[in-house]
Structures are given as C-alpha cells and as structure tokens.
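Below you'll find only one chain, the form predicted alone, shown as structure tokens.
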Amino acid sequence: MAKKYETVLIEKSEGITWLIMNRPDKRNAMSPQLHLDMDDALDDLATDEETEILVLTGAGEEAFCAGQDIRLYFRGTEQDPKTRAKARRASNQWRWHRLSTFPKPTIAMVNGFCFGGGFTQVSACDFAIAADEAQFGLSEVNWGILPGGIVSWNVVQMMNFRDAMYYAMTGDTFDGKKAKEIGFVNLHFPKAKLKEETIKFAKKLQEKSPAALQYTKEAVRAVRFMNEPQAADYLNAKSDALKHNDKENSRQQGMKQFLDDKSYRPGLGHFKRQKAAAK
C-alpha cells in the first residue's frame, strides 16, 4: 500500500504509477514539505515492483507546477537556515538526481502552468508530454533574479541556445505546441486527451524489456558528454552488463521473433514482450 503524504498523491494502475504534486490551490508550487515528500516518495518507488512506468504530474486542471513557493520556500525559511538547507537539499535531490537516475521510464505529463523551478523536473524525466493549452515560462527575470538551482543548465540542455536565451531573458510564456517545436517536450495533445494519450504512450513502453529500457536510458544520458573512444568503451561494457542482467532474455526473444517466427519487423510487426515468470 502506498504511503500517505501531505503534499503528494500516488496512484497506481496496471503498472503505471502516477506521482502527483498535490497543492492545486497554489498551482502546485513547491513548498519545503513538498520537496521532502517527493524525495521520500521517489526513493520508495525506485524499488517498487508494481511501478513499471512513472508519470509525474500536477493535481487539478490548472497547473503542473508553478515553481518554488516564494512565500514558503524563500521568505518562510529566511530566519531558519537549517530548514532552508534541508529543503534545498531535498529539492535538488528529487527534481534532478532521483528523477534523472530513476530505474524505470519516467514521463512528465504537463497538464497546465509550468514555471521556473518546474522546468527542472520536466527536464529530468525521460519524456515530456504537454497539453496544447499548457503555459511554460521562465519568469525569474521579472523578479530581478535568474533561473537558479540548475534551471538555466536544464533549459540549454533541452532547447537550442537561442530559444533558451530568449525565454530566460524576456520571461515570455509559450504553450505546449511551442514547447514541442523548440524541443522541450516530445509530444503535445489537447488537454481533454492528454491523460489518455499519456497512458497510451506508457503502455507502448511497457511492451519493451524493462532491463533494455533501463540500460538504454542510462547509456544515452551517460554518453552525451563523452568523446567517441569513451563512449565506445562505455557502451560495450553496458551492453555486456545488459545481457548478463536481463532476466527476460529479451535479446533472444527479439532475435527469435525476427529470424525464426518472422513476427517482428521494424515498422511492420511489433515485438511481443514475454514477461519473466513470477518466482
């Protein structure tokens, strides 16, 4: 049974776990308590056998995440350096380290407003799917501050440099369609179809080998900043580790379906995953 949290909801259905920032009255702005709750929840879910795919989203119809709660996170901890340090540590831990290294595929479902610090957890997820009507914005410049934490680093990883510079320096907003155009999200849909399409995409991932998905995401993230010889050595070692640790033996499944059964052809026939037998 999932833990109960003050600011986070966890819902599970058919291998898909919904991790929901739950402060809808504050547009799911991140308070110190939300950071602590999310950090603990992701730590638990990383080894949860029911979780095959993790979807991160915000509660309610209005917002994904409006960034840090300025009153509680900044002003509320000004005179309490211990609480400020604890919240800052949990904030960075869950929004980047736990999400970017989560062993299962992760999807950010951006259902509404996504501002400032909310960009980090979108960037940390493996995939992002947005509502057409979602509104994104780096509004820090309007407060006389810069996109801190690692937000500035996140946006130049996800967008091209000119777009990152434009939106960070103007504070202008953009919608889900534009987010796809500039490479910040993978897919966009009308809000009425967003959850349905997110589930459809999650089920597509569930047809793949869990081990292959995990090792692929780790490999793609790691080689991004390597030179060619480093990448070659790493990927060879990673491939050997995958063959050793894939309990479903999906390499042999794929070869059999392609060479013997003739049932799988890229673009023509689908790979049919055979799940490992329960012990």
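All residue numbers are counted from 1 along the displayed sequence. Remember, predicted model here, so these are calculated numbers, not experimental data.
Missing here is the form predicted together with a small molecule; even so, the following discussion is about that form.
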query	finding
Segment that reaches the small molecule in the predicted complex - one of 174 to 182, 157 to 165, 111 to 119, 199 to 207, heavy atoms within 4.5 Å	111 to 119
Listed residue that, although the small molecule is not shown, lies within 4.5 Å of it in the predicted complex (heavy atoms), from I70, A241, V223, A212	I70
A66 within 4.5 Å of the small molecule in the predicted complex, heavy atoms	yes
Non-hydrogen atom contact E14 with the small molecule in the predicted complex at 4.5 angstroms	no
Contact of D25 with the small molecule in the predicted complex (heavy atom, 4.5 Å)	yes
Exercise: E140 in contact with the small molecule in the predicted complex, heavy atom 4.5 Å	yes
